[in-house]
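One chain comes next, on its own, written as structure tokens: the form predicted alone.
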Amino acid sequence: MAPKPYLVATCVIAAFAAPAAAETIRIEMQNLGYSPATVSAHVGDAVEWTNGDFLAHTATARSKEWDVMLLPKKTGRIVLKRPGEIEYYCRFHPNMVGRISVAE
């Protein structure tokens, strides 16, 4: 028996309408820098920083929207809630800078 055209169309539409699964973007803090320093993400994605240095670091949004402090060898994360460009830095080491481009 041949598939019904409306059933095939419904399945195709549902496949394209399904929201994408959120991702986790991982950033390493090492050698007094973020690696990678620039990342792209989507609303709903998580950003996870891991401090591989022997010093404490932060990932602090210039907008003051969030401030993640990490002791050595620890991990912290945020979930991105709105689109836009986010610049961030380490409060302890202001030359450590990063950027997140967040799409819808």
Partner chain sequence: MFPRLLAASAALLFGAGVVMAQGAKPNDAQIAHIAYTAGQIDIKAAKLALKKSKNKEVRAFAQDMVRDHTAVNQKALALVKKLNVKPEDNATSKSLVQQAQGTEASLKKLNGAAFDKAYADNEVEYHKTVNGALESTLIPSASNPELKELLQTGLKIFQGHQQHAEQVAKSL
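As the structure is a computational prediction, the values presented were derived from the model and not from experiment. Positions refer to the first chain, counted from 1.
What comes next is about the form predicted in complex with the partner chain, which is not displayed.
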> With the partner left out of view, is L32 within 4.5 angstroms of the partner chain in the model of the complex by any non-hydrogen atom?
Replying inline: yes
>> Within 4.5 Å, heavy atoms only: does A46 come near the partner chain in the model of the complex?
In response: no
> Does R91 reach the partner chain in the model of the complex if we count a contact as any heavy atom within 4.5 Å?
Replying inline: yes
>> A56 versus the partner chain, in the model of the complex: is there a non-hydrogen atom within 4.5 Å?
In response: yes
